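Okay, so here's just one chain, in structure tokens, the form predicted alone.
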Amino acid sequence: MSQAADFGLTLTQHVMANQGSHPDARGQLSALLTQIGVAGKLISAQVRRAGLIELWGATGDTNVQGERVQKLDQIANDTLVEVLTRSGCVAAMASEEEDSFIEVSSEQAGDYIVVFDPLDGSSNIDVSVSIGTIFGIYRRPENEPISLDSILQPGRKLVAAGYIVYGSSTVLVYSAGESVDCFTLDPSSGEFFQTRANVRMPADTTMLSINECNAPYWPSWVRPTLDTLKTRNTENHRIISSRHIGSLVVDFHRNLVKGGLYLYPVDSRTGRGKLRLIYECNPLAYIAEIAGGAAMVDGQRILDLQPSALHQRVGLAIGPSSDVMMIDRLSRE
């Protein structure tokens, strides 16, 4: 028996074994999740080789948000678009890197709509800090042509979501509503093997992820929130530490596993948050809630927000339920 055989379930085996219990169970959803895993392997391979084959740096273009497009951003985006188009499972997709949504031809179209941030944390690429891919999957509205409204669905209608972290190892985390499960890529076999089953977000905050250099632009509730959290540390015992990587998906993954609160308040300079509701906040909020956590902004559950634009930005508080609810109370005072 090979060493790989001792690793446990592969991603494909797990997806196939669990789709029968999903209320939206269809063969295409199983195939789609597996194909996202394939795209993750391809992107991971490029990330590992970026410095060697000069994939660092910007392309010279800017995306719809006005941000410089990194070379790996473009490669990750193109990889996902190509793999998803060929999967036969997707009717349309939307990417943080694209001005508009992408409709798949009727000959290749499937039952689902996929939204994604192809390479979250791309400003960290050139310094070899972990980055990742975030994705969300919706059902295609039945008996309707594809339109912008097909994409602008609230997060509560997600049928699956997840992310892939490219760090010291390549890790894929996903949920189709029943549990949150983690898989790690074995480079020797090219397979994702389950390494954490039914992940639950710890109930207590031990790590705080926030960029305190933005303090002058925060709403009034943020400072008392941070003061309240920090008072949990005593002279002899530190309970909460600051950990902020700057790649949302990586900060979230660490907090999901170890117990942490991520905050990105609305900025007074713009009157809105920085994070994208469709590509970042909704998929991670979906994962957080299934794992026992919560995600809110301005007193509203993230998953209940009705998107008004493809690239809509919002604030975010995501982490253990008790502390997210505390933030909600303080923001109302």
Ligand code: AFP
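One rule holds for the numbers: they count along the sequence shown, beginning at 1. The shown structure was predicted, so the numbers you read here are calculated from the model rather than taken from an experiment.
Same protein, other form: the form predicted in complex with the named molecule, not shown, and the subject of what follows.
Using a 4.5 angstroms limit between non-hydrogen atoms, Y279 is distant from the named molecule in the model of the complex. Contact check for S95: every heavy atom lies farther than 4.5 Å from the named molecule in the model of the complex. Among heavy atoms of F135, none comes within 4.5 Å of the named molecule in the model of the complex. Within 4.5 Å of any heavy atom of the named molecule in the model of the complex lies no heavy atom of P202. Of the stretches 103-111, 136-144, 184-192, 117-125, only 117-125 has residues with a heavy atom within 4.5 Å of the named molecule in the model of the complex.
For the candidate set S169, T228, N211, S179, a heavy atom within 4.5 Å of the named molecule in the model of the complex is found for exactly one residue, namely N211.
The partner is absent here, but in the model of the complex a heavy atom of H244, alone among K258, R86, H244, R232, sits within 4.5 Å of the named molecule. Contacts between stretch 256-274 and the named molecule, counted in the model of the complex as any heavy atom lying within 4.5 Å, involve Y262, Y264, R269, K274, listed in sequence order.
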